[in-house]
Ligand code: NZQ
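Encoded as structure tokens, the following chain is the form predicted alone, with no partner shown.
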């Protein structure tokens, strides 16, 4: 393993009724003015909004609402939230939703404390913010494990770039599996695949030989596969939902990355696809992964062969390393089809028009075992049609 330093700043309250049990004590620690952030309004239809507003009112908080955060949050939306926070002297942000809401608020928290343009600060001056509005997260949709770190994926529509900005860590995160029971099944599937993708992208980084982080990672991948299948068989299986919720958190709380340099080339390519098409993130990853992995196969064969055996249960008897590596990619592609994810861009309504621009603007990741060129990424995109 590579050397590392590890500190985990987010307090996690996991389990049914965890908001009612833990939010009052957390709210005692923060100021009076709260920014309540959420997405399209599903929390008002499923009762979560009323429950949280009751708790906020009982705690004596003055609430400003920041709603309408989209599935691929834009930098313009970040600026809207920052203005609301400044104008209302917000002391605390409570983000309620999935990765999009949670990511957006990380950057709102930082932007509200500085007059500098955060995008320019981080991407041009290469400086990171140091002051933040404190935050808490209530997770209603799993996938990215966004509540577990301070990275945010934000789309700058003017620059046509979807990329990472760094904001605040959450002081606490409430993970109640019951809150995920009203997720549309398509979102459950795409979110679960995103979590699986995060695990695979971490696993594929260096060092290439197996270590304890990778062995934990293999267990998380097995859990996602098993419990997504259980959820599809019985959407009301709250135990399977709880496993998926914690697996997503494990994918991004740093545990799997200890001693690793991660890969994330598939994510970088999908981010730029999203910048140009506003497509569903998990679906885009599902199309890209098998095609990209076939391009990586010669370099990644040892890791793919381990995944074939240790995650997908493929019998190694009579198979070469190359055979096992191919069997892993085949198993992944079959699973994608099994759970109802798209296997081509055509199924997503995505045409080839911008593929060259997408490839040319994609970040090439240092941790990937294959050193892709922009030209090869262009070929990958064309093969995804």
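Positions refer to the first chain, counted from 1. Please read all numbers here as calculations on a predicted model, not as lab measurements.
The same protein has a further form, the form predicted in complex with 5,6-dihydroxy-NADP, not shown here; the description that follows concerns it.
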Problem set entry | 4.5 angstroms heavy atom contact with 5,6-dihydroxy-NADP in the model of the complex for residue 128 | no
Exercise. Heavy atom to heavy atom, is residue 72 within 4.5 Å of 5,6-dihydroxy-NADP in the model of the complex?
Worked result: yes
Exercise. Does 5,6-dihydroxy-NADP come within 4.5 Å of any heavy atom of residue 284 in the model of the complex?
Worked result: no
Exercise. Are any of the heavy atoms in residue 94 no more than 4.5 Å from a heavy atom of 5,6-dihydroxy-NADP in the model of the complex?
Worked result: no
Exercise. Thinking of 5,6-dihydroxy-NADP in the model of the complex, which stretch from 23 to 31, 42 to 50, 333 to 341, 319 to 327 has heavy atoms inside 4.5 Å of it?
Worked result: 42 to 50
For this session: With 5,6-dihydroxy-NADP left out of view, choose which of 141, 228, 175, 200 has a non-hydrogen atom within 4.5 angstroms of it in the model of the complex.
Result: 141
Exercise. Heavy atom within 4.5 Å of 5,6-dihydroxy-NADP in the model of the complex: which of 88, 182, 309, 156?
Worked result: 182
